[in-house]
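Here you get one chain, nothing else, as structure tokens; it is the form predicted alone.
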């Protein structure tokens, strides 16, 4: 993929993940090209990549729209994540060195600091260290195939938006689960680690499902844009 196509890809992706391009919005090539400062050809390349990654969909009219997600879509993604990342947690409990355990604990403590600031929770800090925590957990499992599968799954908009649906109490509970997961890995207990990670993901599913339902209840029933 060319540099211009990469520019277009990250521009469109960031706007989808932030909610600036809402589900169902039509994406016009000329507007996207103007927005990210490239020609229409790299925008077209970026949209093809994003269609393969399920960020966008192409309608029968050949126009491109931001993908909308049903509750079943959401459940499927979280179920797959439960299966794959739960397996990764079990492998990590068997393989983690003292250095890895110390790094996981450091990330968990950094999240704790970010969430307990006097001036209010630092959600960006939570997102940064949460990504680092889960990335190290997966890498330590020691399976290139598992890492590749989870990397693609965790890039889905549903996963990225989940934390944005959390309130501070949800974020604190999430980090409490991280602490328990570190304890399970320290104890080298794969089934305990798998169970904690599974509960962590199932709770995230229900938080996102509730937020998705509330959003759809507020959104007016308008037909897709046609021009």
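Positions refer to the first chain, counted from 1. Only a predicted model underlies this, so the values are computations on that prediction, with no experimental measurement involved. Whichever C-alpha set is largest while still superposing within 1.5 Å between the two forms counts as the rigid core.
Beyond what is shown, the protein has a form predicted in complex with the DNA; the following relates to that form.
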* To do: Mark residue 198 yes when one of its heavy atoms lies within 4.5 Å of a heavy atom of the DNA in the model of the complex, and no otherwise.
  => no
* Please check if residue 44 has a heavy atom lying within 4.5 Å of any heavy atom of the DNA in the model of the complex. => yes
* **residue 38 within 4.5 Å of the DNA in the model of the complex, heavy atoms** => yes
* Asked: Given that the partner is absent here, does residue 57 sit within 4.5 Å of the DNA in the model of the complex, heavy atoms only?
  -> no
* Where does the DNA sit in the model of the complex: which of 185-193, 198-206, 167-175, 61-69, heavy atoms within 4.5 Å? -> 61-69
* Asked: Taking the rigid core as the frame, does residue 42 move its C-alpha by 2 Å or more between the shown form and the other one?
  -> yes
